[in-house]
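Here's a solo chain for you in structure tokens, the form predicted on its own.
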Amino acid sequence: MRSLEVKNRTSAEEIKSLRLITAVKTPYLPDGRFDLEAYDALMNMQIMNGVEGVIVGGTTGEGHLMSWDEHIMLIGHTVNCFGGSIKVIGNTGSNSTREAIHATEQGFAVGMHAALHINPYYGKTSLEGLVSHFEAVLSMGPTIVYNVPSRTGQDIPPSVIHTVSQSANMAGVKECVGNDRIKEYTDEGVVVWSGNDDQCHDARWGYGATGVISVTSNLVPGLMRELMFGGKNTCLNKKLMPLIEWLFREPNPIGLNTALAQLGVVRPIFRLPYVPLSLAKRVEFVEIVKQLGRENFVGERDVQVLDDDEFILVGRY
């Protein structure tokens, strides 16, 4: 019997073709452990609405609040339950190259199809150090490099991407700098996914992006699929903007966590330091759902304005 690592082996070329990837939310139980029942339901909603891949334990999935045991377990669980229906991309990046190597080895061992790697943050490094860091993990399997300077404090410049793109395992870049950078890459044949939901329509149809790695698709996967697959649609893009702007008023994933709780898809539980959006913003979300149509959102319950005392904040888990 072959291992999941061998059975699920995926080429970088297969990853390059994905147009809609959801950075999936990780739900919690009242004691702070993973709520796998809610997670599985959310995964099924993504698959049924045509999402092609998921990032497990990324920024949106709060991988930075997980132990590595939790992290690898969730990747393995996702592969085991859904790996035949959707591409599973594990966030195994770290600011420590040693940790990134170890986590990526484990991720591929439990069957993930590709890895997501951020550049070393906080401590940062030189451009030569960036190249060495990515080369150390690229040898293991298909890889998406993630550039989000607003969180890492350091841009990954095109010179670094051009160097590491020589690897056969380099699937592409999740780029958050903007559409001009995306066009620079796509003009040179580098595959890019927009990391900004508010720019992804133009990135896809005007700047050559393959698609988007999306937060918003947790909530409205069908509409985000239409945005990525259906051709230029400025009307739908404009219609989605109030939701997207609302989601990112506070640092992600605060808005998403609040929204999914209001929709009854996850329990209203936050691992600190995240806390829910204010009551006024929760009321605003209800109006946004009504305007877009409840039928376009995940879940089946009516959207609710939750009271402050209905949220549970967990500091130890």
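All figures in this text were calculated on a predicted structure; none of them were measured in a lab. A residue's number is simply how far along the shown sequence it sits, counting from 1.
If you look for the form predicted together with a further copy of the same chain, you will not find it shown, but the lines that follow are about it.
The candidate stretches are 258-266, 48-56, 285-293, 62-70, and the one lying within 4.5 Å of a further copy of the same chain in the predicted bound form by heavy atoms is 62-70. Interface membership of Leu279, defined by any non-hydrogen atom within 4.5 Å of a further copy of the same chain in the predicted bound form, is ruled out. Interface residue remark: Ser132 is counted as part of the site for a further copy of the same chain in the predicted bound form, having a heavy atom within 4.5 Å.
a further copy of the same chain in the predicted bound form comes within 4.5 Å of no heavy atom belonging to Trp205. Residue contact with a further copy of the same chain in the predicted bound form: His77 places a heavy atom within 4.5 Å of it. Contact with a further copy of the same chain in the predicted bound form, defined as a heavy atom within 4.5 Å, holds for exactly one of Asn179, Thr186, Gln154, Ser165, namely Gln154.
Shown here without a further copy of the same chain, the chain has Arg271, Leu272, Pro273, Tyr274, Val275 in 263-283 lying with a heavy atom within 4.5 Å of that partner in the predicted bound form.
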